[in-house]
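Listed next as structure tokens is one chain, alone, in the form predicted alone.
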Amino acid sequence: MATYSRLPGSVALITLQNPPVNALSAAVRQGIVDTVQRALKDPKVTSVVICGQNGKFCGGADIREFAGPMLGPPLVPMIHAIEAVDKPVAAAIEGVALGGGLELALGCHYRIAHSKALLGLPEVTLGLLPGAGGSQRLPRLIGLTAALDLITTGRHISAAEALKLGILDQVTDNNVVDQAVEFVRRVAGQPLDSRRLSTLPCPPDVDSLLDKAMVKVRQRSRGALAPVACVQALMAAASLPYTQGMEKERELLTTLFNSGQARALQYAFFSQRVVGKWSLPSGASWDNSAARPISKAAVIGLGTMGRGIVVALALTGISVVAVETQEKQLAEASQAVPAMLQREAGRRGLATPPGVISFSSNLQDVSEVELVIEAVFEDMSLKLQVFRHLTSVCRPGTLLCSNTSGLDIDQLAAVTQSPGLVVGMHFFAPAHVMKLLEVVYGPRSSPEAVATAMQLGKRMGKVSVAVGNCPGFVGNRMLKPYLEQANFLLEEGATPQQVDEALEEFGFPMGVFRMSDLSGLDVGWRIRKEAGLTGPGVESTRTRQGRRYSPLPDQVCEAGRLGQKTGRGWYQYDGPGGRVARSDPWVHIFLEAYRAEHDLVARSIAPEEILERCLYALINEGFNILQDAMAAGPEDIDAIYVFGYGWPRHHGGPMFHAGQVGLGRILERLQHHHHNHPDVPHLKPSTLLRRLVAVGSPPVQKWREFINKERVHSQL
């Protein structure tokens, strides 16, 4: 709703009320229409201020209304009516003016904001474009270049930047409503023609700016429709009269709104909320497990990952003891970490980093911290040694966390005095930048420990997802069959470029082989050695431990080709540390020789088979994870893959994508490929997938309910 009051001095104050961010629901829109009409009819009112309740102007459209028919007055005519008012109307912006909230403000004649307010048009992140005149009014106000940046990226900007761009008329540190009231009193009676943005000319598209932008956006968007449509809407603003530009905006919005991509992006948005509502097998969950406050933490091991974790903690204001027993590594880290912290603080707009970091080579110095994150080399014996030491050094009640990508958390907990206080915190590199955090609970992890790790991840700006303790947890467990299929495709006739091109055309920022070169081929090689799959004494066959195995990546590593770090891997680079991947004749000769050695006849492999083999094997393992209760629901898996593994957001996530393709289709293609490759267990369709198909392939939002019912039924 929206309330109306008349202040002394003939100013009408309209206050939006729809907690928590005063979204533009049907009731709010109706309230705005009614109160604006009331202000127009009141002869004592000479000017109007629109504000939001509880320090928030407006967070935009009510996304919950997207699922059904639009009720109440439409937004576009409402904003046009505000702009047409012959009394000055000012938006008093506190907190946020995002999406439709900013479009509402652009329909006002003046915009006054608090210095801490954030503004933006983030519709593109939901698979849409600004559909209430934002794509037409904003370029008329600030020019095409600035509007292009804001609309195609969806980024939020500060009040200071908005003032510099010309979006705002005034910024204040004081009460913004008082400032806006004073402002409109001063301008009452002045002509408003130049303040109505829809009547202003749009700057011309000089030097084909938008044509060049379209080329870049198509490359960057990797198949996403919304960024391209945003550029098309700006082209309309630059080339058509306002009314025709609005019609084009409406047409583009309708197309996007009905697209599967918009549904995928909105699903991804809501998934972030769902994954915070974690639960343990015992039934304990977020709503009955209080997190401990953490003010002092320690990080053990200052390699690349450990340094990033130190920075991520310090940026939250936590005091950090950073421990490294190797003197050379400690000296390097003590120089590198402060510089990393300063750079990241600057990027986030923080004048000074809030946390305090102390460096030490002595594990005894962690005795007074409340939480320890171990980030040493990914070796179980080394981690066990560290945990034995920590349990004797730390005071009782200290939470002990391991940054491991797949080792058994229960083994680590078993060597401590308090197994319930041990959890995994699987960060992704670089740890101070990447959004994902897998919080791994073992059978003895307490709800309090999990809640504390989840809350700490949230403080660090992470999307924290609680996952069960199994080899590879969720993300890397699903990655294994994906990588396997890519290697098998090389054996059968594909090239690294063909596999990568198919995956990148789907929307991944990097194909599997480019990604492997970037990460370092020796990482997986070391894991396979520890698992007894390769190394001295292991016969070089294509079957290991009773299943099909490809020794291709092992042999590439044995040739000294470890990826970008050595300048050679699946691709060749300009030198060690090079970034530009180029086809390498050595790899093609190597693959031909390998196939000849194993009597393999190369065949032509279509991009469709590449996608099915790689993506459906990954998706199938996701169903196995849900069946094994290692993830609470499909949203958890999808959040992990979107935020940690580069899954394209406009495809929602692997489990959402399975629903979009059709579970019956996924099942049929897995059966087909498993029939052709019976020695590959990961292609055998999951029992859960079969059951979901048998009950009619319910939508992804219903899977959690189905899984829980199945679980209860099996326990009876």
Ligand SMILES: CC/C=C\CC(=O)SCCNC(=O)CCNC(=O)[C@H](O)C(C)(C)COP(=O)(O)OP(=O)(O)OC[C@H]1O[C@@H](n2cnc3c(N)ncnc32)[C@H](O)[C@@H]1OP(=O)(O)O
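In this text, all values refer to a predicted model and were calculated from it rather than measured experimentally. Residue numbers here begin at 1 and follow the sequence given.
Another form exists, predicted together with the ligand; not displayed. Remarks below refer to it.
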Contact assignment for the ligand in the predicted bound form, among Ala23, Val693, Ile707, Leu13, heavy atom within 4.5 Å: Ala23
One residue of Lys529, His80, Arg595, Lys277 in contact with the ligand, assessed in the predicted bound form (non-hydrogen atom, 4.5 angstroms): Lys277
Non-hydrogen atom contact Arg273 with the ligand in the predicted bound form at 4.5 angstroms: yes
Partner contact for Gly511 in the predicted bound form: the ligand, 4.5 angstroms, heavy atom: no
Contact flag, Val661 vs the ligand in the predicted bound form, heavy atom cut 4.5 Å: no
Contact of His156 with the ligand in the predicted bound form (heavy atom, 4.5 Å): yes
Options 475-483, 346-354, 215-223, 123-131; stretch whose heavy atom lies within 4.5 Å of the ligand in the predicted bound form: 123-131
Members of 82-118 lying within 4.5 angstroms of the ligand, judged by heavy atom, in the predicted bound form: Val96, Leu98, Gly99, Gly100, Glu103
